[in-house]
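Quick setup: one chain, the form predicted alone, written in structure tokens, and binding and motion questions come after.
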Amino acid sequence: MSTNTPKRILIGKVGLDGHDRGAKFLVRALRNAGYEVIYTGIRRTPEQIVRTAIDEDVDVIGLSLLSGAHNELFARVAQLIEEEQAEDIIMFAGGTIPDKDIPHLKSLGFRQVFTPGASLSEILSALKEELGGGE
């Protein structure tokens, strides 16, 4: 990344999902790529995620969920982002998300939805594109 202020990314684990190995891997990889990363830890509410994102003035929220409650929980995050008039925050989603649910999540404002097997280079490329070059 350039000498400009690094882009800030929040990685959040919303709901009761306690599996965070992938999220922690992504946090390290994003930091290594030059991003400033805030990791919320596990079992956060949508309200906690959005409040942290706003308080930390992030550019991107990346949500990870493996429990199957993505439609409800991610929708609530998107609703709160809208209520807070923070639609300038880019939202990404990842986890065990069936292909049939991806159009719904995108209709909520999630720019990218990453499913198991997504490569790190795919994620980094998508971030760079969404952030206008990322550098």
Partner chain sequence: MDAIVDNIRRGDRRSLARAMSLVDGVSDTSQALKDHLRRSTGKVPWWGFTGPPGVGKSTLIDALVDMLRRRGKRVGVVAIDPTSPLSDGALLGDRVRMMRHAEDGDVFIRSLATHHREGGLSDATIHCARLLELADYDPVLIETVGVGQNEVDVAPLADVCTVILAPGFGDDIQLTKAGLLEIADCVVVNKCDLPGSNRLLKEIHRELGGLPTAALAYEKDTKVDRAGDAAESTTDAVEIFGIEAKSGKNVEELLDTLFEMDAAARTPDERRRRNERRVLSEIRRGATVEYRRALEGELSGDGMAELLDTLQRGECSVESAVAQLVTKAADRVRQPEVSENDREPK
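Please read all numbers here as calculations on a predicted model, not as lab measurements. Positions refer to the first chain, counted from 1.
A second form of this protein, the form predicted in complex with its partner chain, is not displayed here; the remarks below concern that form.
- With the partner left out here, its partner chain still marks one of 43-51, 62-70, 91-99, 105-113 in the predicted complex; by a 4.5 Å heavy atom cut-off that stretch is 43-51.
- Though the partner is left out of this view, Lys128 does not reach within 4.5 Å of its partner chain in the predicted complex, counting heavy atoms only.
- None of the heavy atoms of Glu83 is located within 4.5 Å of its partner chain in the predicted complex.
- Remark: Ala75 does not count among the residues lining its partner chain in the predicted complex, judged by a heavy atom distance of 4.5 Å or less.
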